[in-house]
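Read the single chain below, which is given as structure tokens and is the form predicted on its own.
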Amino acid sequence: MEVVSQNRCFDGVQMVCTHPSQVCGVDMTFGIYLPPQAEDGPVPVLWYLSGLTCTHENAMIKGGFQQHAAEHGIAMIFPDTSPRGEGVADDDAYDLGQGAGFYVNATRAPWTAHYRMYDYVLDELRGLVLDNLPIADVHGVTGHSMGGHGALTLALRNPDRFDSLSAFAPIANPTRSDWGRKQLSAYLGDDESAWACYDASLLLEEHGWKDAILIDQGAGDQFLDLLRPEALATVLARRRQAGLVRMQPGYDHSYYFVASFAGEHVGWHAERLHRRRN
């Protein structure tokens, strides 16, 4: 792991690192914020998964998470959204290929060689940071849009690996949305039965979640029809699953929306992560 940059931030440290990924077959970049409490020993960590077209940098710069993470004594990790570089398959569309990995393990050419973001986040990057940084093995996960989809699917499928869960405007029901059907068919093929394990609404219906879930959605989001928050809310109600789906009046899909509620989400996770650690 190579540290590319390191900056003091709210008495902690914001770093950008690169490493060769065996899972994705290329060098990968990620951001990590270590709060000041990490100087005294390992701290819990909140993973933030970004949306379409983003890199590790967008939320790191625009989300305003570091101040809240410093206040609550938790680290934050900002992975990239896809493998990148020469020889990595891509597409002219913004919502497929580089910048649009959808947090799946691709099974269809030409994507199979590199597009394994599910395993990358769940296993490889997790192991790397635990081995090299003052991170406790206590994890929460959140994300925005495509990253909200990733956060929900990773946690719902792996409740033993994550202790808290939230999302900002997630793609909640991709098997029934143009933000999902296109990408899942490209990465996984036309057999829709293979898509279900990457659909948060279907996973929640089948498995539930061990704690409450926090979802914030802008009521003025220009992509609301593609996100389908009503599907997730319906499952929450039908299962009587503890959780909140909050429609925030006037907010759109931008990082202004994410930054407005970042503090509440960090606090939500910190309460659960510190409780789990203790």
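Numbers follow the displayed sequence, beginning with 1. The structure displayed is predicted, hence computed values, not measured ones.
This next part talks about the form predicted in complex with a further copy of the same chain, which is not shown.
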Just to be sure I understand the contacts: of R239, K62, R246, K210, which is the one whose heavy atoms reach within 4.5 angstroms of a further copy of the same chain in the predicted complex? K62
Would you please decide whether F223 lies within 4.5 angstroms of a further copy of the same chain in the predicted complex, comparing each non-hydrogen atom pair? no
So in the predicted complex, does G41 come within 4.5 Å of a further copy of the same chain, heavy atom to heavy atom? no
In the predicted complex, R228 touching a further copy of the same chain (heavy atom, 4.5 Å): no
Is T234 close enough to a further copy of the same chain in the predicted complex to count, meaning some heavy atom within 4.5 Å? no
a further copy of the same chain is absent from this chain, but in the predicted complex, do G87, L96 and N173 each have a non-hydrogen atom within 4.5 Å of it? no
So which stretch, 22-30, 66-74, 210-218, 42-50, is the one near a further copy of the same chain in the predicted complex (non-hydrogen atoms, 4.5 Å)? 66-74
Going by a further copy of the same chain in the predicted complex, which residues of 237-272 come within 4.5 Å of it through any heavy atom? P249, G250, Y251, D252, S254, Y256, F257, A259, S260
